[in-house]
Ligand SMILES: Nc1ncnc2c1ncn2[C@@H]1O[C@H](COP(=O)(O)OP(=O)(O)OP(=O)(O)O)[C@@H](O)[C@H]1O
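Listed next as structure tokens is one chain, alone, in the form predicted on its own.
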């Protein structure tokens, strides 16, 4: 079964000249791909290639100019609050900058509790148990639970954001450069854990690091100026000039 199917996705931004003339700038052009359930798809490209815009469209944060998108065989419906909550029970996203993704006034416990309370309506002892399970999974020390999340290091807060997304047991998870704040040892540990989670979760893994993409993903696509220019398996090498440039960057 396909976890995600994207067909003919195009997206333009409106641009205005100094004299008020309106035009359009194409960000994504004729994007089509699919992701099988229980698999991880790597999405690579230089900054400005459209990776994060694509992720935001898939999550419903941006309305595309044109697209046909299916999640698990059905078109996602985001028209009402009830429909959006139903969608976000199944799909989550972890962003690159963990600091900007948490309320600075909340403790780690409260950050982890947010999706469990608001999406799954979990309370009391069950809520505490689910939070403890998420902490154990991502090796978050219990002493941090009542500490303000914003006071944690980048790597620690990155783990909190991953734990928050996984706590509700989504079926689809977008990781947008989410491992970039981790050192090499922690990256390896998280990749090992994420491989185990592929039994339950399908991933879109956005990264600049070909080494991480090959270690985790089942397929990799390369974006350049809003277009898919290459698709490879993790055992293969890029042949395009951009792909070779990205491969050289990790040597």
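Positions refer to the first chain, counted from 1. Predicted, not measured: the structure shown is a model, and the values here were computed from it.
The form predicted together with the ligand exists for this protein as well; it is not shown, and the discussion that follows is about that form.
In summary, the region of this chain contacting the ligand in the predicted complex, judged by heavy atoms within 4.5 Å and restricted to 191-199, 65-73, 41-49, 210-218, corresponds to 41-49. Residue 187 falls outside the set of residues with a heavy atom inside 4.5 Å of the ligand in the predicted complex.
Of the heavy atoms in residue 27, some are within 4.5 Å of the ligand in the predicted complex. The ligand in the predicted complex is approached by residue 15, whose closest heavy atom lies within 4.5 angstroms of it. Using a 4.5 angstroms limit between non-hydrogen atoms, residue 90 is distant from the ligand in the predicted complex. Within 4.5 angstroms of the ligand in the predicted complex, the stretch 88-123 places a non-hydrogen atom from 96 alone.
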